[in-house]
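Next up: the same protein chain in two forms, each one alone, written as C-alpha cells (structure 1, then structure 2).
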Structure 1
Amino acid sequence: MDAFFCWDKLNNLIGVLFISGCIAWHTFQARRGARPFIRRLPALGALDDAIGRAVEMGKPVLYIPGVADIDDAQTLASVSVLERVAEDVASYDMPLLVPNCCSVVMSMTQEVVRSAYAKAGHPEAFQSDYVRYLCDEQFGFAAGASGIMMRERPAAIFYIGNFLGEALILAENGNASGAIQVAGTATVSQLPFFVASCDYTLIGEELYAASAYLSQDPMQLGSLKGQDAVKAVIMFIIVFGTVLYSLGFTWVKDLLTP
C-alpha cells in the first residue's frame, strides 16, 4: 500500500478534498436558486455613474477587455462585466467602443455587444466598427487604443482584464482625455498604475467578485463563496494554531507539516 500512497502527503489530500467540497457545495446551492450575499463594491457603483455621465455628455463609452486571450480567467471575468456594461449603454442608445488585442476575444465581445443592443430594442444602433481588432502586440494595441481615446473623446473608459506594461500608457492617455476611468485587474504589477491614474479600481480578486455579482452565474457565485469559506477556515486554523503553539501545544503544527 505504501508503494501506491504517500502517507506523508495525507494532509495535502485532505486539504484538496476540503477545498473542492466547499466549492462544489456552494455551487450546488447556487444552482438550486440560493443567492449568497456578495458585498457591493464601490467600483460597481461607479459603473452606473460613468455611463450616466457619458449619456449626459452625449459621448461614447470605451471598454478595453485587457490584452490576454480568451483562455485567461481575467478575460472571462471581463466579458461578464462587459455584458452588464453593454446592456446599460445600449438601453440609452449610446455607442460602446470595444477595441481588442486578440481575434477570438473580439468575436466574443462583438457577439456580447450585438446581443445587448438587440435586447435593449435598438439592434439597428449597433455598428460593426464599435467592436474592432487592433493589434496582437501589446504596445501596438496601446497605441491604437490611445488614438481612439484622442479622436473619440469618450466620457467613460473601463479597463477590465489582464494588463501588462501598456497599462500606464492607456490610463494616462485616458486621464488626459478627461474621461471617468474604472479599472480592474488581478495583475499585481499593474495595480499601482491603475490606482494612481483611474478614479476607481477593482483590486485583485475584486475583479472576479464583480463578475460574479453582475452576472449572477451559479458557477461563479459558488466558486467565489466556496473560496471565501476556505479562506475563513484557513485564517481560523492559523490563529488557533498560533495560540496553541504559544502555549506549548505543537499538535496543530505537526498535523499540517508533511
Structure 2
Amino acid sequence: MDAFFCWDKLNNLIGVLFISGCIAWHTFQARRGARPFIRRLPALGALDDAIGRAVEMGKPVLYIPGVADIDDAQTLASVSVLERVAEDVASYDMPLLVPNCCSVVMSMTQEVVRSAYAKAGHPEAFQSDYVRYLCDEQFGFAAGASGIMMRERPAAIFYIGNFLGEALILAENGNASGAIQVAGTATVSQLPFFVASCDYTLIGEELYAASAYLSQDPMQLGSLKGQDAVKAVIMFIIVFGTVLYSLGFTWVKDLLTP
C-alpha cells in the first residue's frame, strides 16, 4: 500500500474530499428546491449598466478574458461570464470585441460569442474578427489590446480572468479611453491595480461566483452556499488552531502540515 498511495498527501485528500462533499451536498440540495439567499454583487449588477451605456452610445463592448491559458480555472470562470455578456450584447445587435492572448482560449471564446449571436437571432451580426488572437506574450498583448481601446473607443471594458503585470497597463489605458470598466480576478497581486483603475472589481472568489450569480441556476447557487459552509469551517479551524497553538498545543498545525 505504501508503494501505491502518497501518504504525505492524506490530509490534502481528506480536505479536498470534505470541501467537495460539502459543495456537492449543497448543490444537490438546491436541485431539490432549496433556494439559497445570495448577497448582491455590485460589479455584476454593473454589467447590465455598462452594456446599456454601450448601446446608448452606439459603441462596442470590449471583453478581455485574461492572459492565462485554458488550463487556468480563472479563464474557465471568465468564459462563463463572457457567455452572459455576449448574450446581452448580441441581443442589442452590438459588436463585442474579444482580443485573446492564447489561441486555445481564442477558439473557445469564438465559439461562445458566435453561439450567443446565433441564440439572440443575429447570427449574421457576428464577424470573425470580433474575436481575435493578438499575441502570446503579455506585454505584446497589452500593447495590442491598448491599441484596440484607443482606436475603437469601446464604451464598456471587462477584464475578467487571470492577469499579471499587464493589468495596470490595460486598466489605465481603458480609463484614459473613457470607458466604464469592470474587472474580476483572483490574482491577489493585481487586485489593487484593478481596484484603483476600474469602476467595479470582482475580488477573488467573486470571480468564481459570477457564473452562478448571473445564471441564477439553482444548482450553481447551491454550490455557493456550499462554499460559504466550507469557509465557516475554515474560519473555525483558524481561530481554534491559533488558540491551541498559543497554549502550546501543536496538533492542529501538525494535522494541516504535509
Partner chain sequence: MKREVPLIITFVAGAVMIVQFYTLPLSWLGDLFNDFFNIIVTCAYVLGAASLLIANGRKIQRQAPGWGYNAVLLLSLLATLFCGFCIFPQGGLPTDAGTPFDWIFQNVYTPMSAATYSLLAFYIASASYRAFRARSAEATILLVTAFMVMLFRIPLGELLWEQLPILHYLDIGDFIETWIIGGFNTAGQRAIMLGASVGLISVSLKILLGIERSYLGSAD
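Counting starts at 1 and follows the sequence of structure 1. Rigid core here is just the name for the largest C-alpha set that superposes within 1.5 Å across the two forms. Since the structure is predicted, the reported quantities are computational estimates derived from the model, not experimental observations.
Of the two forms shown, structure 1 is the one predicted on its own.
Relative to the superposed core, K225 undergoes a C-alpha shift of no less than 2 Å between structure 1 and structure 2. If you fit the rigid core between structure 1 and structure 2, you'll see the Cα of H26 move by 2 angstroms or more. After superposition on the rigid core, the Cα of Q216 moves by 2 Å or more between structure 1 and structure 2. On rigid-core superposition between structure 1 and structure 2, the C-alpha of M235 is found to move 2.8 angstrom.
On a core-based overlay, F249 has a Cα shift of 10.7 Å between structure 1 and structure 2.
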